[in-house]
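A single chain comes next, written as structure tokens; it is the form predicted alone.
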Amino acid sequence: MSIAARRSRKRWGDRRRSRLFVRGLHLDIPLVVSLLILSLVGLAILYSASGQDMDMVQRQIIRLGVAFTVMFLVAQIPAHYIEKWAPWVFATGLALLLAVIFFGETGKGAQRWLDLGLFKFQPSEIMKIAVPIMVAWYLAEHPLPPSPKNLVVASLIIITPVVLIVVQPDLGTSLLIAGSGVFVLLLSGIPWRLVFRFLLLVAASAPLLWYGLHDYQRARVMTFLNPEDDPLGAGYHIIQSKIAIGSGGLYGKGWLNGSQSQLEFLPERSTDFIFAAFGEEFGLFGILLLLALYLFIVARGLYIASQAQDTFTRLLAGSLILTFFVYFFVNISMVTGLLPVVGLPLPMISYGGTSMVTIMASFGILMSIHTHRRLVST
């Protein structure tokens, strides 16, 4: 055998061993790399938006480390175990939501947290994963598309935790959880005529829904419709946000040079409105690159869903990645004035820990679905 042939064979063997090693870790490299890039972008803009506060950046790095660790650990769990545990995970989430009603900690006018001594957490975050898992588990046990009876049962699975979260009150999270369950229903092949009938029902009940909102929630809707009515009060956030994004122009003012964020005109610039700080510093082209990164992650997730081997994993993977899409779509639409402010963070960019861990657990499930499938097929 010639030297060139031996070298070629060695390179092929090295590549094969590398692929087997990655498979053994149950990680999807395109997803991991894109999530790491997104996290690095988030740290850079957080450093700028926080006024170069290294303590805040270090805390975010720790949270990212925890989130990626959770993703890795969840990715090691085969999907059939997730399916087997679905009712128990859902029941635990419901029990914790009930515990919030009786023993929950109150903050900023809402009772959403449980104090476990060492830390506080929001049980509603668990339901962002538990609801789509449970709905996918139930529908996978029956023929698709679901019958009217099965559709009613699946709807009750979604509505029960949503009602418990609405009374906290936490309208934004409840809508996101409802959406994660509805995505499973849509992916199960329900007739579109039922979807349109449901939308008409929601539109017809809008007046009742309006009077069921809290005063601050109605104020958010009115601010969305006309923020200039109260430019120094309720409309201040969105007005300053649009000023920041517009002043970035095509190329932006440059990293650390955003006047709206650096001079503290932009409220919540490290959390819900961090996208406005990003748009001011990196401009339209930076925004387009960030959107391209998000859409690549969504496209990869949809590819994983399309390659899933059974009904449960297909429904679950599709719902999880579409929920991730809703995360950043709603946040960006909120910051740019296209939707009312609902308090959803920009995933992997905004400062915070609980929602980040939930998101990374979702990606861990996606990687488990994909990598365990490949191991079985080979």
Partner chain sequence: MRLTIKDHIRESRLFNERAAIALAITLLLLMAVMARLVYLQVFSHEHFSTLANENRINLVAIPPTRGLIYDRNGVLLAQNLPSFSLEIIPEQVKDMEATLAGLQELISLSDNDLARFRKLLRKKRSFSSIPLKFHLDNEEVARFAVNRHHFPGVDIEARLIRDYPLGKLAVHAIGYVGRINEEEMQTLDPANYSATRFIGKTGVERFYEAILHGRVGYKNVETNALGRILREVNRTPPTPGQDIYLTIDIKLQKIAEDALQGRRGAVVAISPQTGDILSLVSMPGYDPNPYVIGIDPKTYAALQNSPDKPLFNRALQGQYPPGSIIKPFIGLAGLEYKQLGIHTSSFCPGWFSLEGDDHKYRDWKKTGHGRTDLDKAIVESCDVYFYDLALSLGIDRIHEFLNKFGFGHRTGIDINGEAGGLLPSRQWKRSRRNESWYTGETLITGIGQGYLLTTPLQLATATATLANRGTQFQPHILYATQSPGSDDLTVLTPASLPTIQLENPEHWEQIITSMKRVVHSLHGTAHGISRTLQSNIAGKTGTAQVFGIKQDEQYVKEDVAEHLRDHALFVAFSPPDKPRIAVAVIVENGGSGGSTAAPVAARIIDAYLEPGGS
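Numbering follows the first chain given and starts at 1. Keep in mind that what you see is a predicted model, and the values were worked out from it rather than measured.
Another form exists, predicted together with its partner chain; not displayed. Remarks below refer to it.
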Problem set entry | Contact residue in the model of the complex, chosen from Ile101, Val163, Leu288, Ala204 - any heavy atom within 4.5 Å of its partner chain | Leu288
For this session: Have a look at Leu338, Leu36, Met54, Ile29 for me and say which one sits with a heavy atom within 4.5 Å of its partner chain in the model of the complex.
Result: Leu338
Exercise. Might Pro345 be said to contact its partner chain in the model of the complex, defining contact as any heavy atom within 4.5 Å?
Worked result: no
Exercise. With the partner left out of view, is Gly279 within 4.5 angstroms of its partner chain in the model of the complex by any non-hydrogen atom?
Worked result: yes
For this session: May I ask you to check whether Ala49 falls inside a 4.5 Å heavy atom distance of its partner chain in the model of the complex?
Result: no
For this session: Give a yes or no for Ser259: in the model of the complex, does one of its heavy atoms lie within 4.5 Å of a heavy atom belonging to its partner chain?
Result: yes
Problem set entry | Partner-proximal stretch of 86-94, 179-187, 125-133, 150-158 relative to its partner chain in the model of the complex, 4.5 angstroms, heavy atom | 179-187
For this session: At a 4.5 angstroms cut-off on non-hydrogen atoms, which residues of 128-166 are near its partner chain in the model of the complex? List them in order.
Result: Leu139, Ala140, Glu141, His142, Pro143, Leu144, Pro145
